[in-house]
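First, one chain by itself in structure tokens, the form predicted alone.
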Amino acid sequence: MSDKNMPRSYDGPPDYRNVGLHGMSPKTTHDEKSRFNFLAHLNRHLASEILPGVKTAYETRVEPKNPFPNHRNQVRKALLEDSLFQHWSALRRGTMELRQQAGRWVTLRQANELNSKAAEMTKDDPRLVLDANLDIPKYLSSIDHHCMPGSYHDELVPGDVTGAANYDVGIFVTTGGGLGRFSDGGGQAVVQWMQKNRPDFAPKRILDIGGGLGQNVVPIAQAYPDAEVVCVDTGAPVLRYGLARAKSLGVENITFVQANAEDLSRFPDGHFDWVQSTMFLHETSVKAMPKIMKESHRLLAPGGLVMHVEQPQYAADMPLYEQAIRDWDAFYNNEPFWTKMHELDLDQWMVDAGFSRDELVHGGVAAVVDASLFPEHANDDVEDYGRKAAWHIVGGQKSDAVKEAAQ
């Protein structure tokens, strides 16, 4: 039997019905589940079947007409003239638009129920600290990140959580189920990295900045149940939803605080043993980054660890074609800081924030999921640039010399 007649093993997304449910999960109908499945499969098809063809088209008909590019923008502009890139790009944008509209419809039709449930579960709970006077930075308030209507902040009515619920119910589509049952594969990966590389680390206080609805900080709180965990974000809707979601999962040691990560002066110097961000920095700005880095260093206790988890930087050894494809999110997915963030020298920014180069920490993680139901991106040959659930770590461990000197 020839290879083309061999049956293909299934490598598509899992069924949406495997997604885990919690106390705040929006209810989905048969047709809504089917729509999420269709969109997840379309994303997978674009990554596994169409995108390799785009690379071939670049090598065989685009690059020969535009030889010797010296910057990814030259590659991107040349690709814009190619029909297969146009086809792939339009469909990829379309899947995101459809995913957001599908999720929005699910949550809006049950808005009253979701908002009432969140209000009931968070009423008078001191672990929800909102600031109605917080000035939302323009780099957040003026953008519908990844086509998400209202981004993380807009409220259709007082106490609204429907935007957060939309994020939660539909992220399965964006990653093809790559983040696992509760979309917490990133947080699970960070915990696994910490337990492998710092097995004796026993943080008393943990800060998650830009934590949104907390899907990645819940596994951290579960792994360190005696720690006081704080999740900071500027969006009130995601924080309300996040506390209710965490409580429904039986996690009680997280406080959700509305604050700007550029100014966390409400917390004293050296207050936290672990400062974490997961896929957050690319949604800030070039002016905000130094302030966030310095706050992260200031808040860290001697011996403590900062970990920033992001997609890989555009290093000199990354081909310009790959950089151009990774830059797609900046131009077509409402992620304007994506391109600048990934060309920055993050090590230098960490040094400027106060770390010595000897204190810097590097590593890599991939989403940790139930592999019997969900794809393991660590072993997946398909590269969906910018979407694959595998990330780099740039961090720093503050010297405990100060602590030793005091003892």
Partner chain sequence: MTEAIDPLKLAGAKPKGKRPYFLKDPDVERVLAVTMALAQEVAVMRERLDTVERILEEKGTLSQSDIEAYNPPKPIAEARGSWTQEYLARVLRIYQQEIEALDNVNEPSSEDIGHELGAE
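The structure presented is a predicted model; accordingly, all values stated were derived computationally and were not measured. Residue numbers count along the first chain shown, from 1.
Just so it is clear, the following notes concern the form predicted together with the partner chain, a form of the same protein that is not shown.
Among residues of the shown chain, L39 is one whose heavy atoms approach the partner chain to within 4.5 Å in the predicted bound form. The closest heavy atom approach of G53 to the partner chain in the predicted bound form falls within 4.5 Å. The partner chain is not shown here, but in the predicted bound form it comes within 4.5 Å of a heavy atom of H30.
The partner chain is not shown here, but in the predicted bound form it comes within 4.5 Å of a heavy atom of R104. For the candidate spot formed by Y10, R61 and C147, every residue has a non-hydrogen atom within 4.5 angstroms of the partner chain in the predicted bound form. H87 is the sole member of K204, H71, K77, H87 with a non-hydrogen atom lying within 4.5 angstroms of the partner chain in the predicted bound form. Checked against the partner chain in the predicted bound form, the residues A111, L134, M279, V286 give one hit for a heavy atom within 4.5 Å, which is A111. Judged by heavy atoms within 4.5 Å of the partner chain in the predicted bound form, the contact stretch among the candidates 63-71, 348-356, 43-51, 361-369 is 43-51.
Contact residues in stretch 165-201 (any heavy atom within 4.5 Å of the partner chain, taken in the predicted bound form) are absent; none meets the cut-off.
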